[in-house]
Structures are given as C-alpha cells and as structure tokens.
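As a starting point, one isolated chain is supplied in structure tokens, in the form predicted alone.
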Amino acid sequence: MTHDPVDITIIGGGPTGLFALFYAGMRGVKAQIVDALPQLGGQLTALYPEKYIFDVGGFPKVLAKDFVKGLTEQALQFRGATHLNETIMGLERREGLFVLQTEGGEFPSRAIVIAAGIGAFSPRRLPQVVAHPWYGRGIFDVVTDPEAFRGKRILILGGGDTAFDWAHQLLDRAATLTLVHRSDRFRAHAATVTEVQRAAAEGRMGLHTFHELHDILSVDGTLTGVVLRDTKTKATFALACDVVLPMLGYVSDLGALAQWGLTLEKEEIVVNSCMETGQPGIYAAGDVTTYPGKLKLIASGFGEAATAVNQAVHWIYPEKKVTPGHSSNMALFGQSPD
C-alpha cells in the first residue's frame, strides 16, 4: 500500500516523536508518525508505564502512561496520522520525495525527522524453546495494563530494572508473586532491589536467585506453572503460577536507518545545532542523536523536536520562517496575533 504524500514523516512515536507531530501541525504542515511498536509512547509505554517521571516541565511528578496520554492528545489535535507496527525496511528518493518503505507499505514525504530513540527495540525472548509456544498464552514480555494481572499468581524472570520495577508495581495486585534470576547480582536500582528483598524477607513474595526456567506446566492448554532449575546444583522444582513475565531487557537496532548514509557514532546519529544529519531534508531529534553536550532527557528531546521540525518546514517551504513565534499569540489557537 502506498500512502498519500505528506510534508514530514516522523520516525518514532515516543515523547520526542509525539511532540514533533504536534509541532508540525502547529506550523501548518501535514505530518505522520511511523513506528515499529504497536502503541505510541516508545519506552515510556513499553518499559515503565507505571513509573513516575519528575524532570519534565509543568509536572512535579507524572505517571509515564499519563504523560504519554497527554502528549498523544496534544499531538493528534491537528489530525496527523500515526502508523504503528511498521518496521522500516528502506528509503528511496523518488520524484522529489523521500519514500519510506516498511513491511506494510510506502510512506512518501518531503522531509523526514528521525525520532527513533534507541532505535527499533523489542523484548529479549526467553532462550528456552519450550517457552516459545506460550507467548501470548500465559507468557507476556510487555505489561501495558497491570490491572490485567490482578489476582494472578505471577512469576517474573529477570534481574534488571524492568524486572524489579514490575515486581514492585505488581506486588499488591498479585495473588502471589515470585521473582527469579540466574544469579544474585542484580542490574536494578539499589532502592528498588532493597524494597523487593524486604518484601521477600517478610514473606510477601518469593525470591529465587541462581534459578532459571526449565519447563512449562499446563492443563488442557492452560499454563498452570513452571519447573525451575538451580543453576548450580541442576536440581529442579515445580512452582504454580498463572502468568510468566520474562523481563530480560530489550534488543535495540537502528536497522535500515544505518544504511542511509548518515554519520553515526556508537549507533547514534550525528547532528548539528539545527538537527541536520548532513543529508538534505533528513533531520533527527531525541535519544537517537549525538552532538557535543548532548543530554539524553525528554526535556532535551522536546527542544530538539521543535528545532528539527522548524528547520524542516523552512526547508520544504522557504517562504515560511524558521522561527514560528509564540503559541500564545497564534490565531491557530484562537489567540490574537501580535
């Protein structure tokens, strides 16, 4: 399927991409988001929707999922399109347009803003082949609605931030909760580790170190438990559970973007102060970029998104100024111009 041409295609639907979509609409150009993930919000939605964010303007603290909801509402007020579950395969120049190619179709546009965060990322899957048929049927590597697991017997596999964060978030929702890790060395924040260890010591949850998944137990096609194996002694034991959450981290990759002739440093796109990539018409913003003094913060990404979009708008339409003026004086929002 070939979609209708737009002015700007934004690659990435995280906070920076969403703000770029809003800004493009505010500048009066037609834009769209293309993202490999099934939902908007990027890492905020995929990794920690229930965690608080404290360092974005205007919010003393805000849940990541609520922040994404507000960003989405802001971004979509100008009816920009969002195309999700679209893995990027290539890019061509055709009749003066960039044609972004995905598994699902082609997306022509006059300019591109790359706001891909850490690149296309997907959960690291369990290595045990016996687990693979149970994905989506008792094994879930992404949690978008923690209430879906209320009253369940939950097993979490992993030793990083995501595993410990969800152990903390789901503890009071679960009928029982157990955390399992291959060693006693954790890659999570010390404060969260301490909270989980305290809950285990108090008998409110289980914590098994030096254990790994060995087998899946089921009755009539329903997951009913697992077999865990001691990584040292190789002894096994059965553990009853309804849900297995493998929180093993994510695999990220720039994928086809790395083949576009952009200057890269450690899987990051080198840009200048105008967010230009060196390829005319292609700009970048957010965590995917690097330049002297770069800060990987949402706050920084918002400023970079505004810069990238304003430069792209001027590049497409030279008669439009780079500087848009203040939104508080824009007729677009029903305000009186200066």
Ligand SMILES: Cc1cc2nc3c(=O)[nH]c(=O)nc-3n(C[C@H](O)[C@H](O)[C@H](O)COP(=O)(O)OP(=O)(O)OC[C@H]3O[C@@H](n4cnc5c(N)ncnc54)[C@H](O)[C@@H]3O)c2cc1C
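These figures come from a predicted structure and were not determined experimentally. Start at 1 with the first residue shown and count on from there.
Below, we refer to the form predicted in complex with this ligand, which is not included among the displayed structures.
**Student:** Looking at Ile53, Cys274, Val270, Ala306 here, can you tell me which has any non-hydrogen atom within 4.5 angstroms of this ligand in the model of the complex?
**Tutor:** Looking at Ile53, Cys274, Val270, Ala306 one by one, just Ile53 meets the 4.5 Å heavy-atom criterion.
**Student:** By the heavy atom within 4.5 Å rule, which residue out of Gln311, Gln43, Thr290, Gln279 makes contact with this ligand in the model of the complex?
**Tutor:** Spelling it out, the residue with a heavy atom inside the cut-off is Gln43.
**Student:** This ligand is absent from this chain, but in the model of the complex, do Gly17, Leu47 and Ile118 each have a non-hydrogen atom within 4.5 Å of it?
**Tutor:** Yes: each residue has a heavy atom within 4.5 Å of the partner.
**Student:** Does any part of Val34 reach within 4.5 Å of this ligand in the model of the complex? Heavy atoms only, please.
**Tutor:** Contact with this ligand, yes.
**Student:** Under a 4.5 Å heavy atom criterion, is Ile11 part of the interface with this ligand in the model of the complex?
**Tutor:** Looking in the model of the complex, residue contacts with this ligand include Ile11, since a heavy atom lies within 4.5 Å.
**Student:** According to a 4.5 angstroms non-hydrogen atom cut-off, is Met26 in contact with this ligand in the model of the complex?
**Tutor:** No, Met26 sits far enough from this ligand in the model of the complex that none of its heavy atoms falls within 4.5 Å.
**Student:** So, Ile88 and this ligand: in the model of the complex, are they within 4.5 Å at any heavy atom pair?
**Tutor:** Result yes; Ile88 sits at the interface with this ligand in the model of the complex.
**Student:** If contact means a heavy atom within 4.5 Å, which one of 220-228, 109-117, 236-244, 195-203 is the stretch that engages this ligand in the model of the complex?
**Tutor:** Heavy-atom contact with the partner occurs in 109-117.
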